[in-house]
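Single chain ahead, written as structure tokens, the form predicted alone.
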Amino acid sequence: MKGDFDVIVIGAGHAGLTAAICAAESGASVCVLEVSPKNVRGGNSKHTRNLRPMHESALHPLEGSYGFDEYMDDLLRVTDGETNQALATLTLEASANSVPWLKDHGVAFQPPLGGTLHLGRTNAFFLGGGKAVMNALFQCADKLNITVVYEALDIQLDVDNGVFRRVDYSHQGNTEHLTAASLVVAAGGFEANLEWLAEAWGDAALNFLVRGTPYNRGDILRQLLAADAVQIGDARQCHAVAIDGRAPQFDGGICSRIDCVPLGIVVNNQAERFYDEGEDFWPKRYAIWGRLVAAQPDQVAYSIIDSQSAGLFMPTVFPPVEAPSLRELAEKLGLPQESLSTTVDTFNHSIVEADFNHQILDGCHTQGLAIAKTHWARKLDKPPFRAYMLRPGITFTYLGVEVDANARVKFNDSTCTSNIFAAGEIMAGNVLGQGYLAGIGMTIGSVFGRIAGREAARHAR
């Protein structure tokens, strides 16, 4: 099958560019179609800070070891077993090559951050963050003569019985047509499509904020599902964290996240606690808080700490609301003053004294509360008191297309041999049925980007 290119990649985030680079290094001619303008390129990947690789021994910049068994145990715990075991195994094992591959392609790393992240052993942090990663990969793409088309709008796929034929798109007012032997879809999820989210979540979705790019609207995913690709995942499952309620509607990025939740209490707009703030280390639980807040009245909550927590968590981009007393804090937040005072007093009197240490599972817990706090329970009694308003911040969705171990998209007609491959968020639901583990989204993109690129090039040859 001859075409304008050997491989077309849709989406120029981390997974898409990784696929494009691997396809080009395998000898294929490659074109990348990206819907965004060049100045905001990089998709959600530009907001990332790290990925989570398996390593049996110390691997700069990582400390110690993070072996397969521990990694799999972490993944199964956060997903509650909702994962394709074979693809999860493939992802974890292949992740051991992610840091060396990125280093070979110009990405630099830095020592991990401290505070409530607890990631020094498990996650490799990018020097300069996700934008530096994307700039390095775009430089590689340029050296490999990969064609990148920005502002490729209204992309329409021609797929017949699971086989990609051509793609039409609009560019600078003209309608363009391209053919290729293979297609890699790396166009993200549908988190920026609030109307689609509302189909699953109802009107609550209209109060969600989107941490990443406004261009991930799920148009390519819709077309693949309409072409009878096998669907994976649930439309309600997503990576949703609690972010500052003052963040913008789109592209607030990682700096909008609030990391002080384990150090205090979280209440809804009735000043009532609704979940265990100290259930586990923050990287294993931070991604459940978006869904928890989404279930509260008006999809809003408040993280409340006192002066004892200063300097123990990542600084926030917006300053907290601060007051010398709980009643004054409640007044500033618009919360019922008596209820907040009662909630905090009850919490303080329930604490079983122990040695507070936010770096370990310290066992400082409450006793006798309907909703316990399992670790890091410490009295809120040292003014000034501080609070952050929380809203659900959607990072990416898990509904996607099913793939095999070669990243090939499966279609309901099992007799077809598709020439369509997938990487990144559009297929992450194969590994993440629910829940989230800090850094694993970039890991999935790294692993399946490499597989999809190589296999698309092999198919083209």
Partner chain sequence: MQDELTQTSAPVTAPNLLPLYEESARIMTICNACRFCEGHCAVFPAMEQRLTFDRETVDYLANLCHQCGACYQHCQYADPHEFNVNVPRVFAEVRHSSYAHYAWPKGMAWAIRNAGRFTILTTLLATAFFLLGVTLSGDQSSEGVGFYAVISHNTMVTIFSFVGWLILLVWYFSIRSFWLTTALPGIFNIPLPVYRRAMVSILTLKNLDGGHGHGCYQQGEVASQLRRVFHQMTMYGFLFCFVATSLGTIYHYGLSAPAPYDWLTAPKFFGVTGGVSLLVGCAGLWWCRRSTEQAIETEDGGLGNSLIGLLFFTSLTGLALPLLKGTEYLAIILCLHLGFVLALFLNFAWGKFMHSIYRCVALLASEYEKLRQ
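All figures in this text were calculated on a predicted structure; none of them were measured in a lab. Residue numbers count along the first chain shown, from 1. In this text, rigid core is short for the largest set of C-alphas that superpose within 1.5 Å between two forms.
Below, we turn to the form predicted in complex with its partner chain, even though it does not appear here.
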Task: 4.5 angstroms heavy atom contact with its partner chain in the predicted complex for G253 - done: yes
Task: is_contact(V163, its partner chain) in the predicted complex, heavy atom dist at most 4.5 Å - done: no
Open item on the list: Quick check on H47: any heavy atom within 4.5 Å of its partner chain in the predicted complex?
Closed with: yes
Open item on the list: So, I232 and its partner chain: in the predicted complex, are they within 4.5 Å at any heavy atom pair?
Closed with: no
Task: Single option in E322, E151, E93, D168 placed near its partner chain in the predicted complex, where near means a heavy atom within 4.5 Å - done: E322
Open item on the list: Can you work out which of P100, P383, P248, P336 has a heavy atom no more than 4.5 Å from its partner chain in the predicted complex?
Closed with: P248
Task: Proximity to its partner chain in the predicted complex (heavy atom, within 4.5 Å), stretch among 219-227, 73-81, 128-136, 349-357 - done: 128-136
Task: Members of 291-318 lying within 4.5 angstroms of its partner chain, judged by heavy atom, in the predicted complex - done: Y302, G311, M314, P315, T316, V317, F318
- [ ] Establish whether a shift of 2 Å or more occurs at the C-alpha of Q85 between this form and the one not shown, with the two forms superposed on the rigid core.
- [x] no
- [ ] Taking the rigid core as the superposition reference, indicate whether the CA of S98 shifts 2 angstroms or more between this form and the one not shown.
- [x] no
- [ ] Look at G173 and decide if its Cα position differs by 2 Å or more between this form and the one not shown after superposing on the rigid core.
- [x] no
